[in-house]
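One chain comes next, on its own, written out as structure tokens in the form predicted on its own.
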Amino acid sequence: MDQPKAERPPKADYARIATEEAFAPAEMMNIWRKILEGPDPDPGFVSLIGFYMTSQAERPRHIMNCLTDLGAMRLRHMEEAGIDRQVIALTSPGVQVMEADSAVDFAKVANDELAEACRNHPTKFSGMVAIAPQKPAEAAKEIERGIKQLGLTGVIINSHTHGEYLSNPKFWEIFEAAEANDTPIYLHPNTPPRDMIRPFLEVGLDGAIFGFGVETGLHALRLITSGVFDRFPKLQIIIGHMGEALPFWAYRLDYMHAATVRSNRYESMKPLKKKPSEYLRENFHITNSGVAWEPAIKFTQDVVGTDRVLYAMDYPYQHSIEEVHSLDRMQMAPEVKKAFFQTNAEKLFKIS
């Protein structure tokens, strides 16, 4: 399916850099098919990837075709939508649904493929490093290889890995490597894990409509309350979809976190050096991926700062030229709009 026909957005006083754009190597599709055919595949994986890989409906066919393309079709869609650059990452759940050794090996394959595409189109593509959290030491090595040798920028982690969260200190070598290499981690959604997903699946709310945001917002909040940012104060995390609703919860998170700590109710809930909302303002960047809605963008800018809110399209899952037009029309100071579309991304992802 080609792009819906719409007028190309005109040239603007800023470059449009889209910062949550997905790809999938064709070889990964074959690995995913074998997992789906296995004896007990993860129900969220079946619901998400099983649907996209088998449905003959127009939208999933379009998405699957676009994911594997890092050339002419992607560039044509960017041109039609007025997108000057994509920051590309391995689509969810990436290698995190695989067993550990395969995940480590294939992360390298995916990173090599993406790095080659970025070399082929240096003014159009930037890429993030995919890692296998299943083996944190190997993940740390791949971050260093991806940043220093391949020229990628940023790290993609598709939320939980077999139901495990990065708030567990066994994963913190990953944060140490990201901080040491001065590169952000994009915490991208995954479907809720096996022990969380049933109520979502029962009513069709497990994916992008709601389950993604609930699961990834939980993950981000777990990082905050576990003390990750007290241990790694320079670490920067990116979350999409207008912060998976966390900016809208900031007041209540501060109030209830303080009350819970005072009550000594949970062994896992210890005092932090700052309020949860302060970590949102100092350790998080937020993209509007999938949310082309001016009121939400402005509110989030008010909460975390205009220097921490970035544009993303969410290609190819949400690819709408009209959304680009609507964001161009936002009533916003020119320097703030340029920061949103261009300069915040340039600074965060070291794009020159």
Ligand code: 1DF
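When you see a residue number, it is the position in the sequence shown, counting from 1. Model, not experiment: these values are computed from the prediction.
What comes next is about the form predicted in complex with this ligand, which does not appear here.
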So in the predicted bound form, are Leu48, Thr91 and Ala208 all sitting within 4.5 Å of this ligand, heavy atoms only? yes
Using a 4.5 Å heavy atom cut-off, state whether Asp314 contacts this ligand in the predicted bound form. yes
I'd like to check something about Phe299: if you look in the predicted bound form, is any of its heavy atoms closer than or equal to 4.5 Å to a heavy atom of this ligand? no
Indicate whether this ligand has at least one heavy atom within 4.5 Å of a heavy atom of Arg61 in the predicted bound form. no
Can you work out whether Tyr279 and this ligand are in contact in the predicted bound form, taking contact to mean some heavy atom pair no more than 4.5 Å apart? no
Tell me which stretch of 280 to 288, 33 to 41, 322 to 330, 52 to 60 has a heavy atom within 4.5 angstroms of this ligand in the predicted bound form. 52 to 60
Have a look at His160, Arg85, His188, Arg74 for me and say which one sits with a heavy atom within 4.5 Å of this ligand in the predicted bound form. His188
Identify, from the list Phe200, Phe175, Phe125, Phe212, the residue with a heavy atom within 4.5 Å of this ligand in the predicted bound form. Phe212
